[in-house]
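Read the single chain below, which is given as structure tokens and is the form predicted alone.
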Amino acid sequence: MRLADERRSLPPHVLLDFARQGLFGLQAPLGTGGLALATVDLVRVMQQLAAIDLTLATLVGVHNGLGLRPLMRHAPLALRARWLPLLAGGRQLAAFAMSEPQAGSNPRAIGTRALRVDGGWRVSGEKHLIGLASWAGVLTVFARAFDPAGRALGTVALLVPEDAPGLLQGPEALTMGMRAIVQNAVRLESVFVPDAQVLGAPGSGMEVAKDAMGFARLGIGALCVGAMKRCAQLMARYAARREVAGGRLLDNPATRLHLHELDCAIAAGEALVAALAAQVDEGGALPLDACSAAKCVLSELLWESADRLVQMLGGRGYLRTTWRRNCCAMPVRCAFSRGRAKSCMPTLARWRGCPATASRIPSAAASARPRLPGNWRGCLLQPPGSGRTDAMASSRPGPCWPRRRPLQSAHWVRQRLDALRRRIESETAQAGNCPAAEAVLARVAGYAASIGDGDAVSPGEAQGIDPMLARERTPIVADSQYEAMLAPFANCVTKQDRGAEPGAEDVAAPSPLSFEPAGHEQASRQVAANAAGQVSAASLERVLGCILKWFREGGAGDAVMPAVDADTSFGDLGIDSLASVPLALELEAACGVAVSAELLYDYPTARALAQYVDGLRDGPGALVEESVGVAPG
């Protein structure tokens, strides 16, 4: 669906396939081409569609909930007989025209007017952000009704064909998400609508609207549950495969806590949606307040789930090719800039209470110097309670802003730090009560029964599926694509091609895909050439000294300093990707050679890193210093 999103249009074959499967008439009678599903089954369909793609689920939901339901429940028999076969069979789409530029969905502010005339109504007004409007064959239009004398009659719901004289399709809204389906403005210029096309009684149009919108909100709740399940599947796949410094990402308590919380939210949301659907099927009145709650709460939980998914994926969350379906494309928002910091929560948990970090905050805040226009300073930089914080129009600069601003910044930073500490402490306590990693995976695996567990790949999309997110681990590119990538190197001459050619140097040709840093290979050969397996005591002492200094300065937070020796793994010491950056800088300064953070993964102990340092140091005197033996193997 990524191509459909970029093209702002659905492929025709998708609409045809949906029509053949009866998805445009989920609750329409069988005789009209519908499926006559119960509401409990309809919400299950919405869940599965949303897990595939939010755009597809929204298309089906708008057509069935907002377009078809008013016709089925409130239209005269003749009107139903005319339109239901067309709509349920997918030969036409239906739209719901309520929102207006100044009114939104507030019925009291609707400006569209329906004036009573002989045989019907004359409708004039403007609607906007109407889903499927320009694709629809018929629209349910809501207007304020007036009699010929201008007396208000309430609200009227009218079924208006798209070819009615005076109905004009306006420009499409260029939305940020779900771009593959249309939302556009509609203008009605004295459109005549006969009495036979009134839904319900004149003046009771809001009852029609409330019923349709309440039912649509229930559908949105189901849609959110399905998308949340999909987020959980992707999070579980990635966390189970991603290796970090401390081991598998799924084994991190913070990761398990987030997955467990998401699983609990899914269970609660699914129970709410199922209970409301069962109540509707039992013939009870549609609980409008509960349906609104389902929409509001579950949509917020969905965005939170998508945010956490983006945060867990780190850099992958910023790649467009990662989002092969719109399940999480819209909520990305600023999640990447926020998420890269939030993904460090497991590491921050080790730093809580770290005096070395906390001591830097006031000085860092005090060093900040805002560069705001002078006429903003007085209103933006005064302390709270000064009476001027809301004086946005003030033109006089605040005389004390340079002195007060750092104090306010430091106070704000301390408050945020305290809130972060409380959150980490709360999560740390909760993480101890989480199920084991494999139990969480088993719960998430159970979602496949309701939403499936496949990888939807649309025809025409060249990009492969990320193996960290795929159902089964697959190559990033197909064999044919991989061969095409290597084609430019097909004519490269190698030692094997030259054979015993006289004068050929006995060295292997460099790999065209090698990205090792300069000096890395030379240092590796130097280490390998150290036949006695020795490392200089000076280099080993420097490396161990830097590690101990990192602990003393609070690098591991309030964790107890473990016993450190030359062969202790950096991962066991809690030195992860975040900690390796300052540690590498410290090592570089102490040893006098270039040390990048990545090298702490290639040489994961003090002894191995000291050997690397010896290999980089210039001159034969590098190994003349006092040496210590390295056990074979």
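Since the structure is predicted, the reported quantities are computational estimates derived from the model, not experimental observations. All residue numbers refer to positions in the sequence shown, first residue = 1.
The same protein has a further form, the form predicted in complex with a small molecule, not shown here; the description that follows concerns it.
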Exercise. At 4.5 angstroms, heavy atoms only, are Q534, S539 and Y612 all close to the small molecule in the predicted bound form?
Worked result: no
Exercise. Looking at 93 to 101, 541 to 549, 149 to 157, 70 to 78, which one sits within 4.5 Å of the small molecule in the predicted bound form if you count heavy atoms only?
Worked result: 93 to 101
Exercise. So which of A584, L42, V60, L66 gets a non-hydrogen atom within 4.5 Å of the small molecule in the predicted bound form?
Worked result: L66
Exercise. Just one of M178, M312, A232, A245 has a heavy atom within 4.5 Å of the small molecule in the predicted bound form. Which one?
Worked result: M178
Exercise. Is the gap between P202 and the small molecule in the predicted bound form 4.5 Å or less for some heavy atom pair?
Worked result: no
Exercise. Though only this chain appears here, would I130 touch the small molecule in the predicted bound form if you measure heavy atom gaps against 4.5 Å?
Worked result: yes
For this session: Indicate whether Q197 is a 4.5 Å heavy atom neighbour of the small molecule in the predicted bound form.
Result: no
Exercise. For Q183, is any heavy atom within 4.5 Å of the small molecule in the predicted bound form, or not?
Worked result: yes
